[in-house]
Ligand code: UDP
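There is one chain below, alone, in structure tokens, taken in the form predicted on its own.
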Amino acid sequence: MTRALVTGGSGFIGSYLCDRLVKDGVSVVCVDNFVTSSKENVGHIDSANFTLIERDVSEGLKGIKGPFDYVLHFASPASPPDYLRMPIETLLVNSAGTHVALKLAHENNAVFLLASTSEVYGDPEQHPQTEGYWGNVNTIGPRGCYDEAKRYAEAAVMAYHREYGLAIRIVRIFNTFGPRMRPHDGRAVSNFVVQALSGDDITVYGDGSQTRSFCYATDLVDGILKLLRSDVTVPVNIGNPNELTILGLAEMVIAYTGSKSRIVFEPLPEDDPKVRRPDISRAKEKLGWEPKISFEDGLKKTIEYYKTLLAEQKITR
């Protein structure tokens, strides 16, 4: 049986990935320290082919035995409030943690997949962003702990590929949303939906003219698995190129929830990107992938998820 180790596997995206791998007949070992994730995200996976281990990958994976065919490194804080609160942990999991996971892949002759991010492009001066763009990152700014950590992780992965011939994949993940995102995650969709459903003011940073592109979680995982099972060793953008302004998103959430929430404006955080949209030409050409779920349909599913959490009193203000 094919075996995979997934670090950060009980996180938002990692849990969807574990779901799909197990459904595809893969035996999965999920490693997570639950700092920004929840056991509940994978609690529904009732299979002898799924094992959950509490461990901080930055401190090593001693005692976790192969063989493994795949090692997928998804462990890392990913929302700005989390990595700004835990800058050292973020740097470590994407440096030391990446080396630990790479070493395990090398020892098992496994395919290694890195969950990188659109944040490697920083506050981009190229729009939309292609994989050939080197980015515009403030190395000493508050977001540098995440942006530069992921850029370092990509460099480490390529070094193992060149030095040892390790089979590698690098996915640059753009903004993703859907059920299982923590209610107070700090990212736009979850923030706005929870605020709207609670009747609170919706907080827009800056004037709301900045743009983002939102991909539904299951679409993202489809792309990731196509990349994993390909022979593509260059970075690939996976995201939805449908671009929205943040203000437009807030207005859409109000309309879809029927909320009477007001939109209020707060200062834009330092180095917050003004635009963000993936060029997915490489994913289309190399993987035959593009998103299928519209933002509107994904938003409806996400709103229903948070409505259920509110009804079960699992969300506190």
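Please read all numbers here as calculations on a predicted model, not as lab measurements. In this text, residue numbers run from 1 along the sequence as written.
Beyond the structure shown, there is the form predicted together with the named molecule, which is absent from this document and is the topic of what follows.
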Which of these residues, 60, 269, 288, 67, gets a heavy atom within 4.5 Å of the named molecule in the model of the complex? 269
Since exactly one of 246, 156, 84, 92 fits, which has a heavy atom within 4.5 Å of the named molecule in the model of the complex? 246
4.5 angstroms heavy atom contact with the named molecule in the model of the complex for residue 80: yes
I'd like to know if residue 135 sits close to the named molecule in the model of the complex, meaning any non-hydrogen atom pair within 4.5 angstroms. no
Considering only heavy atoms, tell me if residue 276 and the named molecule come within 4.5 Å of each other in the model of the complex. yes
Given that the named molecule is not shown alongside this chain, does residue 212 nevertheless sit within 4.5 Å of it in the model of the complex, heavy atom to heavy atom? yes
Given a 4.5 Å cut-off on heavy atoms, tell me which of 218-226, 100-108, 148-156, 199-207 is the interface stretch with the named molecule in the model of the complex. 199-207
Which residues from 178-211 come close to the named molecule in the model of the complex, meaning a heavy atom within 4.5 Å? 186, 187, 188, 191, 192, 203, 204, 205, 210
